[in-house]
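Next up is one chain by itself, shown in structure tokens, the form predicted alone.
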């Protein structure tokens, strides 16, 4: 059976920045491998300076890797045909100071859109991001949040197969964040792939199918979001018919007692519950937050790797 091509794939990609005036070398990406499947919402995380923007810019063809290669929608990074099928939202949105409806038509025309469809699509995407009443306003006079939504609208203009979104909910209020979240889910339901880079871990936790964490130019964690949030070290035992004081650290809620214990002691605690005449209601691994996972894998605060000549 033929394997479906990845929506986005990095193959041993490295990127080094060398100083013009000295012999210093900064390695932003170091043998980076990643495969994003078609039709998924993929979260791309990492602390500042981890190499996320470099990886995105290489994928978009804005720069070349020092070594390695990659493919987007089955074609090499930087391919002109591929760009017409990708929607990109940069971390720092910068738009021309023009009426936003005309601005969107301009960006659509860059992707070879034309005719009556161009204006229709501009109205559609403005509706999607809640800017339909601002169509005649100059984007240069928009607030930071409105500018962010206009940037998202331009990324959607060409009805892309792949959306690459760098901090899409930056500067947005809670209502607008919910709107963007639902828009991203709708895009996935329509068969599109979304590659999402964000520092808002709670948003990523809510929406992403899989997550990758980049640290110092290397991939340090990758997996399904649900699996990453499931602890392999602690378990929660919910019981009924035992006293709170019978177990250290136990808490009570709605008539049941919850006990969190290391997995190694789980069997002994359950046995004690039964000996005390209690009932086991449920036993489940403790669920962590994505923030906890992120801090765990990026705890190393060493500076980015160099070639030793700094």
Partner chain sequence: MLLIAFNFVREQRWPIFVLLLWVLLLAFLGLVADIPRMREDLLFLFKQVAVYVVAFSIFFGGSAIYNERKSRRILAVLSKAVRREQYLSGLVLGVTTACGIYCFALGLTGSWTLGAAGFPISRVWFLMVCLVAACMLAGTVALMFSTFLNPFLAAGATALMLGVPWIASQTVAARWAYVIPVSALTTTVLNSTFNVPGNTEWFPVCLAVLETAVFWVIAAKIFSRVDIAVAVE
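Numbering follows the first chain given and starts at 1. Owing to the predicted nature of the structure, the values given are computational and were not obtained by experimental measurement.
This next part talks about the form predicted together with the partner chain, which is not shown.
Of the heavy atoms in residue 97, some are within 4.5 Å of the partner chain in the predicted complex. The partner chain in the predicted complex is not approached by residue 69, whose heavy atoms all lie more than 4.5 angstroms from it. Taking non-hydrogen atoms only, residue 43 never approaches the partner chain to within 4.5 angstroms in the predicted complex.
Using a 4.5 angstroms threshold between heavy atoms, residue 107 counts as touching the partner chain in the predicted complex. Checked against the partner chain in the predicted complex, the residues 90, 229, 135, 220 give one hit for a heavy atom within 4.5 Å, which is 90. Just one of 50, 36, 242, 261 comes within 4.5 Å of the partner chain in the predicted complex, counting any heavy atom, and that one is 50. Note on the interface: of 200 to 208, 169 to 177, 221 to 229, 80 to 88, the segment with non-hydrogen atoms within 4.5 angstroms of the partner chain in the predicted complex is 80 to 88. Counting a residue when any of its non-hydrogen atoms is within 4.5 Å of the partner chain in the predicted complex, the one hit in 139 to 156 is 154.
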